[in-house]
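This document starts with one chain, in the form predicted on its own, laid out as structure tokens.
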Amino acid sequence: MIPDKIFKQSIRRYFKCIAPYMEDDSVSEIMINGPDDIWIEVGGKLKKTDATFENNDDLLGGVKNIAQFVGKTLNVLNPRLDARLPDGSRVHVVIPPCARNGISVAIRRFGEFDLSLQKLIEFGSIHPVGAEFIDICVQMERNIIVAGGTGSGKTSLLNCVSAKIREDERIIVIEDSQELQLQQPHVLMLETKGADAKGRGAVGIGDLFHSAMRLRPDRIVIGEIRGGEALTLLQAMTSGHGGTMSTCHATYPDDTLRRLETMSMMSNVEMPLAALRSQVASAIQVIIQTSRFNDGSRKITHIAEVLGLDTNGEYQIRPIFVFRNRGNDPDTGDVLGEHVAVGNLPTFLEHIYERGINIDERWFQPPPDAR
């Protein structure tokens, strides 16, 4: 590995053609599809740039410099790389022969986090009542999964949701690469570690979750569940450790539960499907679904409660709030629609009252035209 100062100088040398985008807070992602095909994402929309690298060797020198910085190997035998830059940006690289377009790089940028549920309300991403209900779910220590597709804003939304955790709680955060930016005073950050060139020393999310359970957490927040560690998460949630939060790639709430089920099967523990489904349904209590729309906007499309399994062993999901999409404005192309209640009261309403939390049952009444 090489020192930060020398690495930053190398980055400026090798990546000088994209330096303006690396310093522009409005750019959320930089995508390099070979030395002369560079795109950026601004405001949720893709835009091709005029930037080019001088030649392929210039780009190759840059990505190999990144690999050296993080102590990993990038070559024909190891053509893929996950890394993080000193500014917190996440980098993924694929080189030939796996990358047919040439050296392919995606740089996901994370500026200083200043988003909140209040700002999401101002952006039209969520209704004030929906934001208030999420706040109550956090206070009630419900196990929450934030789900959505790639680029739908899952991590940003999880940041907003986790901001509602009380400041007197001890929070342990587990991530593959640091993206979450919790603002509470008592936060312990854990990060996975890849294997060395000989395949030794790997530390995965499941390993860190095992450690987290022994580090006296009040809350555990996991950046994203991607594999067999899902089963460890579910078992912790069902063992009385409430208020755990994570994200998951999925398009709809029922897809979220099925994906968690599938990932749990990737673990080394063999379990009958019926028992596994029962664990998933018992562990996950609230799903917050987010999506990126064709106008580049990101909105919360579902806030739903998980009720368990029905008599046929299928997941029961109780939607509380949904986004009703009315298409696009013919002039601006903006997505039209509104967040509405669907008429279902949360099943833990009585417990909310017992905790003395202020809640109004009228929040959950659907608008007149939806009845």
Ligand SMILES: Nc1ncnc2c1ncn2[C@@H]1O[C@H](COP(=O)(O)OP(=O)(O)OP(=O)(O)O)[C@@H](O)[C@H]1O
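Counting begins at 1, following the sequence as shown. All figures in this text were calculated on a predicted structure; none of them were measured in a lab. The term rigid core refers to the maximal set of C-alpha atoms that superpose within 1.5 Å between the two forms.
Only in words, not in the display: the form predicted in complex with the named molecule, which the text now covers.
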item: Non-hydrogen atom within 4.5 Å of the named molecule in the model of the complex for each of 127, 162 and 339; value: no
item: Contact assignment for the named molecule in the model of the complex, among 65, 33, 49, 28, heavy atom within 4.5 Å; value: 28
item: In the model of the complex, the residue from 142, 298, 259, 241 that sits within 4.5 Å of the named molecule by heavy atoms; value: 298
item: Stretch from 142-150, 207-215, 68-76, 188-196 whose residues place a heavy atom within 4.5 Å of the named molecule in the model of the complex; value: 142-150
item: Any non-hydrogen atom of residue 109 within 4.5 angstroms of the named molecule in the model of the complex; value: yes
item: The named molecule contact in the model of the complex: residue 279, any heavy atom under 4.5 Å; value: no
item: Touches the named molecule in the model of the complex: residue 84 (any heavy atom, 4.5 Å); value: no
item: Exercise: residue 120 in contact with the named molecule in the model of the complex, heavy atom 4.5 Å; value: yes
item: Within 4.5 Å of the named molecule in the model of the complex: residues from 77-107 (heavy atom criterion); value: 90
item: Core fit, then residue 89 C-alpha moves 2 Å or more between the shown form and the other one; value: yes
item: Outcome for the Cα pair residue 199, residue 84 in the model of the complex, compared with this form (closer or farther; change of 3 Å or more); value: farther
item: Cα-Cα trend for residue 121 and residue 88, given that in the model of the complex the distance shifts by 3 Å or more; value: closer
